[in-house]
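Okay, so we've got the same protein chain twice, two forms, each given alone as structure tokens, structure 1 and structure 2.
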Structure 1
Amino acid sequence: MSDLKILNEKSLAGPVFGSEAYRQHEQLVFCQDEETGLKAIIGIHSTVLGPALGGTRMWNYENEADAIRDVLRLSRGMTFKASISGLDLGGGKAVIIGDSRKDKTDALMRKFGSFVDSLGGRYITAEDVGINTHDMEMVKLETDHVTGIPESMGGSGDPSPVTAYGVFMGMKAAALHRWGSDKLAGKKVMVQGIGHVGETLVRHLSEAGALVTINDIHEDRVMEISERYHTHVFRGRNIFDEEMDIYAPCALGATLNDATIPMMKCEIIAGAANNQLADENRHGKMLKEANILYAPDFLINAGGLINVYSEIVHYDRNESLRRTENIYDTTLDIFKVSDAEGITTHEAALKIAMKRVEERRMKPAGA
């Protein structure tokens, strides 16, 4: 059943404001252009902390309800990611409905850019799945409210190395909390997905003396990275058959679920993928009960957002890395709150992120 049909009969009722998925969102903008075939939805979850920033995803959704659900879920996540990272940014995200390999044209991206521009800066866009730097250059022709553009165009460039550094910081904090030392030398780490973020994470781990095993669906990539960093390779069907101290999901979301958690032998989970918990409440609790320390994804993968933020407040890559280092301390704080209050680490991170938004709502900046 789609989210839009899940209505609380006793509430306002209605497919939008009555829907659970729409809770607390400020604005949902439907953008359509017959000439270019553009069908896009911009979700603005919150602008309490600042303009809503989040990438644009182009995906061939099975139906409109799936696209709406995705943009609502993703834009909400961006509010918490920015908040917990101490950034003066709100949460937003956009989805373009269509096959990025077949339906995407420069004209479509420019039209999308003009819709972004029409929001006057309430929403700032960036790249996400199915969108590349060239597309963002097309968007930039129509609006200044775009980030993550190439360094050659005065932007902050590829955010992935900064994301990887933040994940590494979060992982070290988790090691300190669990084992009393943040040294990763000799620890068995499984990195699932060795793309833009995964590769840099593998480099940090190798330099730290960790025993890294990599896994990816692309064999050529596996060969390249294992030779470059002298890692082990896992080629079986189920990575959870492998002995590991730390699992670093850096490919897809929802890998922490009913099927995988009972198989896990690791003590720590710390990776870059978004939305790792298939069900943020239930699976967070399952991990806690299994005594597996989970470093919340939206906290430790925020380095990319911190890097993109530099385009708004004008700092350089070194400053992005320095600010990303704070993920180490924040992660430790989250673990302490989780222990003290007997809540999951995900709940603890959400609580702290929401508190900052609420405080700002009560006392706006400059008030």
Structure 2
Amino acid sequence: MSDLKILNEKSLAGPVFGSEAYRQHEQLVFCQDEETGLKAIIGIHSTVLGPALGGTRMWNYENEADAIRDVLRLSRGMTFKASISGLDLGGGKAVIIGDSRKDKTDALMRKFGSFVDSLGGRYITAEDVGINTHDMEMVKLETDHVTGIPESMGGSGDPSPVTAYGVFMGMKAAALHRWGSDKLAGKKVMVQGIGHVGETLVRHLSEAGALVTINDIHEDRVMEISERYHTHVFRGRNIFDEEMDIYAPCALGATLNDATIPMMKCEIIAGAANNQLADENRHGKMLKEANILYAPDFLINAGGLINVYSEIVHYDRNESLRRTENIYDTTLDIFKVSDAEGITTHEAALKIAMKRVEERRMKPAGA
């Protein structure tokens, strides 16, 4: 199957450069190595603000078209995440096609690192779903264009705790806007996805006195986290049938869609997953019409990016956490813009993020 045919499947219709999915992207790189079994795609959305930085995700996609669509959406989101956080970074992302529990090897990660290195610094990688700090060590053996490496190697370590802290800050801001108090004690929170970020978010919520229910595709992980933090475990067939105050999607995106939004019984959505809205415009408006307050994902999950950026500009974990706390105030500002202009919270966040990119794009070279 040719790359062009893949791009044209499943709504990636029309010419590659004219397709909506590829719009404004600078580069899409296909990486394959038969010896290690590596099949990866690197998407560079923008380098206007700086080199494109974004994590690498390893996932067993149903088909290659899904993988392409994911990397395009994720890399675009990274541009806005960096912009709204005030970082001098562009947006990029990578996906490795495969089961991280079975297919991942050190040799595969090193080969991926060599592909990253071949881009000459246009793309800087880090961790994402299915990838850990050890994997970044392997990548580091082949390229310096990597962040999120262990502190023992001079890096900032696992960015997941800082990502979770930012989501917690955004959730508290949403609670203040909706209920007049940012206290989460007694609030029913459904956390979907309890990987590294989800687990840390569960810890923050439990310590804050929230009534936490967890859900994940891995039963062993569910039992481990439930016992550790004394949470409820969702055993039903459809989590959106569950009564909850806050829904926190922390796994893959697009859980906010035509089928799920009409069923939702929550008042706030604030989670770590990227691209939570299956369709940014339509589903953002559906949430607004349903009076569900949505904390934009690329804003509140930016803590991990803020943390790995520290490796580039050389500040420590405490400074990363301090900067991540600013997500609280920025989230409140986004809600105010949304209310004042009658637009969705996603549109409000996107408007602010795009403004900074466009201002930099129009700035004369050397100015």
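As the structure is a prediction and not an experimental result, all values here were calculated from the model. Residue numbering: sequential along structure 1, first residue numbered 1. Heads up, when I say rigid core I mean the largest set of C-alphas that superpose within 1.5 Å between the two forms.
Taken from the form predicted in complex with ligand NAD is structure 1; the remaining one is not.
When the structures are compared between the two structures, the hinge, where C-alphas stop matching one rigid part best and start matching the other, is found at Leu350 among Glu64, Leu350, Arg178, Gln27. Remark: the rigid domain rotation between the two structures, smaller part against larger, is 15°, computed from C-alpha superpositions. If you overlay the core, the Cα of Thr36 moves by 8.2 Å between the two structures. For Val129, the displacement of the CA atom between the two structures, after superposition on the rigid core, amounts to 4.7 Å.
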